[in-house]
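Listed next as structure tokens is one chain, alone, in the form predicted alone.
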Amino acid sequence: MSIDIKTATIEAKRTTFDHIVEKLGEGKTPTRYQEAVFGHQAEEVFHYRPTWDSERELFDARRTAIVMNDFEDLLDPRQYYYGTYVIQRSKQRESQEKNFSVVEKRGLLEDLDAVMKEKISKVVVPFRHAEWGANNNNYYIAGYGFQTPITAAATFQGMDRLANAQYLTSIGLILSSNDPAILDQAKDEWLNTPMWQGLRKLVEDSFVTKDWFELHVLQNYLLDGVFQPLLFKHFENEVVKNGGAAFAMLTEFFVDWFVESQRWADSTIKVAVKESDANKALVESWINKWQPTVIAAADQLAEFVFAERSKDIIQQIETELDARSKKIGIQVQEK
């Protein structure tokens, strides 16, 4: 008796869901990201309008002045959905935790001179409060934004900002040999030191900015576009040049994270700007409204860190931001 083993290929009758087919067209196989973000926004059959905003539906595209034919066009170029996001951040966190462990166990910051230690404690550690503000702002975008591509990405962004705040807390504790008093000092700096009040006011103003896309522009484009390079590029270089090479190990995640974060911010704003002249004019008005105030707030910190070089540093940052604006089709007012 012989047995013949044969293989059979069974063709799938369908490769995806009906709403994805309607979106992409018949016969096209979607990516996991597309299946994760398309067609999930509730748009009808609501029970009642929210009592706290009775002029709008519970989920309403009119919560921003930006008008899109399809808000699902605001895609994340990183194509993050839960699985890919968690895998990527897990790898990065493992690497970052090892860096913190090495610096702490070997006391690599202990020989840093007193001036640099003071600057880190006064400039880097208090910034954790700004990161907490960014966490709140991105969850506002996630809560009031429209369509899954932007709200999912904002959710991930909000979680990233909580991680950033925790990393800054850890840096403070390593610097102080685990004395939590440094965190109280950082809070006092944030609340009372003049050089922080410009940014603190911006964070508080952002909390009452109701248009979620304007908040996206303010937080993820302008505030991040100025303060991330100020602290984790220019200030980091200053610390490294003064014998604090180990400090770069503690801020590695911030550098890598900002590179990918600005891809998302630039892409979504560019899509909205290309949608219509009205959107372009609106985004330009928001940038021209907020950017001078953001630059002025950064200038206060730069003066403390860089002294006579502060104007040159701020000019470099502003030039880089303006170059990004031109690439995405935004005309910035001449200074």
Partner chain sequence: MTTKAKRLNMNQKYQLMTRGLDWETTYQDMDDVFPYDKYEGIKIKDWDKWQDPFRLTVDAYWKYQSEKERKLYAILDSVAQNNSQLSISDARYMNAVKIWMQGVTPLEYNAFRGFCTLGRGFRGAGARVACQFQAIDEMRHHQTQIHAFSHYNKFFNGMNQQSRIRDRAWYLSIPKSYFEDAMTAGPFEFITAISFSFEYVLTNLLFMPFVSGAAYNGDLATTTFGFSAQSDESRHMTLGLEIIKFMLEQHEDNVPIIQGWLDKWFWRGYRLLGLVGTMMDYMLPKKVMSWRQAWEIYWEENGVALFNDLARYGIKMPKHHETATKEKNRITHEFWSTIYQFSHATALYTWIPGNEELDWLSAEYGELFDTVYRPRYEYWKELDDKGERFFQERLPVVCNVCQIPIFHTMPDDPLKNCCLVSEYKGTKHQMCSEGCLDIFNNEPEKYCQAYIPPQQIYQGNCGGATLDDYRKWLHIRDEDTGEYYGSEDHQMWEKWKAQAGKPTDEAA
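Numbering follows the first chain given and starts at 1. Please read these numbers as outputs of a predicted model, since none were measured by experiment.
Omitted from view is the form predicted together with its partner chain, to which the following refers.
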Given its partner chain in the predicted bound form, answer whether the residues V67, L250 and Q291 all have a heavy atom inside 4.5 Å of it. no
Please identify, from 204-212, 261-269, 217-225, 234-242, the stretch that has a heavy atom within 4.5 Å of its partner chain in the predicted bound form. 204-212
F46: heavy atom within 4.5 Å of its partner chain in the predicted bound form? yes
State yes or no: in the predicted bound form, is some non-hydrogen atom of K28 no more than 4.5 angstroms from a non-hydrogen atom of its partner chain? no
Decide whether Q41 counts as a contact residue for its partner chain in the predicted bound form under a heavy atom distance cut-off of 4.5 Å. yes
Is V255 part of the interface with its partner chain in the predicted bound form - any heavy atom within 4.5 Å? no
Taking its partner chain in the predicted bound form and a 4.5 Å non-hydrogen atom cutoff, the residues of 167-183 making contact are Y167, T169, S170, L173, S177, N178, D179, P180, L183
